[in-house]
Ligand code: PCA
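Okay, so here's just one chain, in structure tokens, the form predicted alone.
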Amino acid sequence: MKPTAAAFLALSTALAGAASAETWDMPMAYPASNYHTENAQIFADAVKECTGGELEIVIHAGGSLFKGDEIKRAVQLGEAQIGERLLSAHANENPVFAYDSVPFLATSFEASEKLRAAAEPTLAKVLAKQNMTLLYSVPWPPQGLYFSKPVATPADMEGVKFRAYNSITARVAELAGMVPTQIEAADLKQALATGLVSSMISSGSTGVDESVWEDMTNFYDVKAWLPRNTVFANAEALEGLSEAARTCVTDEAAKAQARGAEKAAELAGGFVATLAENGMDVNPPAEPIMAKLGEIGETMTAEWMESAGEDGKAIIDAYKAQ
């Protein structure tokens, strides 16, 4: 029996749809169980549904496709079409990327959101010059200090080996008299277990992800800042989508941003409680430590403003105007 004209039309439509379907790789530095990665998976699933299968985003968690420090360049060059990165780790190439990690500038979820909104136009401009489009960002809980021993005075911190994850954290360590070593998230557990580092500043989320109570004893909830993981797409890849698909990506990105912030705030207290439940000594910092951190914050805010120039001034002015 010969195929009907309707059958030919249905087959042609199906083949056209298959031909136009596209797959994007999305490398991420953190494990699949981390809330940033879970949020990105919801985003990817929603994009696939919204585009009717025209675009499928495949998550590669835990640095499995590209390591954390490779992700931004991979997206910039089109080796991956979309990715997530702690952009402050690239502050050495542009200080604007560290807007979210200036110590004690924005120390609550509400302040973090205001700072994000203030920085968005400038950050989008900087990324666009590097062939990338800003999609969304999600905060980590406030940063606290982890140590493998009790720390009561600035002298207790001197000479301690400190895990840095960007130039900002390295500078904090230097000003506190500690010795910084750059360690990516995927390598943190081994670095702690081998004694390569014995202190760090990070969120409760990272502490729980890495079961740091196996190697560390003390957590001080200093609420230094709320760094953000930023998701960005290769500009050419995004432009190559249909207008409808691009709209799906940007609409779902906005939802992911709001959803991720809500989840971070919801989880923050639970992370710190989990550290305590597993035997860590969880306390506010001693007054001499807090005073030292305040001095460090003032120094680093001034340094960042100077290095970021007019772009930095635009961000701070917009932040203070809210």
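Don't overthink the numbering: it's just position in the shown sequence, from 1. These figures come from a predicted structure and were not determined experimentally.
Here the subject shifts to the form predicted together with this ligand, a form of this protein not shown in this document.
- Shown alone here, Phe43 lies farther than 4.5 Å from this ligand in the predicted complex, counting heavy atoms only.
- Residue contact check for Arg163: one or more of its heavy atoms lie within 4.5 Å of this ligand in the predicted complex.
- Interface membership of Trp140, defined by any non-hydrogen atom within 4.5 Å of this ligand in the predicted complex, is confirmed.
- Contact annotation for Leu86: at least one heavy atom lies within 4.5 Å of this ligand in the predicted complex.
- A single residue from the set Gln81, Ser203, Thr133, Thr122 has any heavy atom within 4.5 angstroms of this ligand in the predicted complex; that residue is Ser203.
- When this ligand is considered in the predicted complex, only one residue from Leu145, Ala74, Ala185, Leu105 comes within 4.5 Å through any heavy atom, namely Ala185.
- Only one listed stretch (112-120, 239-247, 163-171, 213-221) carries heavy atoms within 4.5 Å of this ligand in the predicted complex, and that stretch is 163-171.
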